[in-house]
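Next comes just one chain, in structure tokens: the form predicted alone.
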Amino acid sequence: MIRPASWGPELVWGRPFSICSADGKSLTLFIQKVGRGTSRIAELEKGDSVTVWGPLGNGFAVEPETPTLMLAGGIGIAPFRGYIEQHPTSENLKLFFAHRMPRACYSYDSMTATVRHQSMVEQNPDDLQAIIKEMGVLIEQYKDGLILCCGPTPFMRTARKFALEHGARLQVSLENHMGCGVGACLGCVCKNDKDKYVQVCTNGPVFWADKVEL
């Protein structure tokens, strides 16, 4: 979670972001402007002060010997950069990236040196159908491995559908709106498989796909 000092009382809550990369000395976030908060963050200049608290919640499973498929939709590519950098056997990883904006807008090309990779762009309805079809093929190929997904809810919902069909293990990273980040404000809750509400910030944001509603 980050909150610039310059916001004052105008914007009360901080904004949550996946950690794109961290090396102990620096923290990299990959941010898309979608509202007032992210627009104001984009206007920050070098030397401006921000409050940062985290990391919060959990992260994707790491199984070094398991073939692992990473499904990234748009800005959902953010957490996979750090995942790739920290993974002990990146040769077991494959990144599938579906996007709408030009690929140069993302950090995709900086992530693909050590992993197999594939990208598809969505510019019309036919592209979307091709992406959905390819996701189904890939998830079936990795049904005995580990599949990780981050992106828009419809993207993750499609991945969940295929994973359930093929009996694949799938984790999803939810991007619910968060306020406090510590489970107090209840702004980010979702329903789990027991029809109970759980806080995404403290119980997630990563969930096994069959244990949470999308």
Partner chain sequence: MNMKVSFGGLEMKNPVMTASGTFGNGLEFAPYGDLEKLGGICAKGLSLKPREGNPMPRIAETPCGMLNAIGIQNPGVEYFLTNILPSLKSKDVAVVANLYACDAEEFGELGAILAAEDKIAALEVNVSCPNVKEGGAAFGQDPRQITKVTEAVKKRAGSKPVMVKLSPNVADIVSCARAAVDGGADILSLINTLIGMSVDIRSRRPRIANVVAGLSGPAIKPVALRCVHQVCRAVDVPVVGIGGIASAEDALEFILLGAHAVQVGTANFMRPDFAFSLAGDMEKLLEEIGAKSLEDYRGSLELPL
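Keep in mind that this is a model prediction, so the values were computed, not measured. Positions refer to the first chain, counted from 1.
Just so you know, the form predicted in complex with its partner chain exists too; it's not on screen, but the next bit is about it.
Peer 1: My question is simply whether residue 66 lines the interface with its partner chain in the predicted bound form - judged by any non-hydrogen atom within 4.5 Å.
Peer 2: It does not: once its partner chain is placed as it appears in the predicted bound form, residue 66 has no heavy atom within 4.5 Å of it.
Peer 1: I'd like to know if residue 157 sits close to its partner chain in the predicted bound form, meaning any non-hydrogen atom pair within 4.5 angstroms.
Peer 2: Contact check for residue 157: no, nothing within 4.5 Å of its partner chain in the predicted bound form.
Peer 1: Indicate whether residue 62 is a 4.5 Å heavy atom neighbour of its partner chain in the predicted bound form.
Peer 2: Output for residue 62 is no: heavy atoms all beyond 4.5 Å of its partner chain.
Peer 1: When the contact criterion is heavy atoms within 4.5 Å, does residue 39 count as touching its partner chain in the predicted bound form?
Peer 2: Because no heavy atom of residue 39 falls inside 4.5 Å of its partner chain in the predicted bound form, the answer is no.
Peer 1: Which among 46-54, 24-32, 143-151, 158-166 is in contact with its partner chain in the predicted bound form, heavy atoms within 4.5 angstroms?
Peer 2: Partner-contacting stretch among the options: 46-54.
Peer 1: What residues of 10-45, in sequence order, lie within 4.5 Å of its partner chain in the predicted bound form by heavy atom?
Peer 2: 10, 11, 12, 13, 14, 15, 36, in sequence order.
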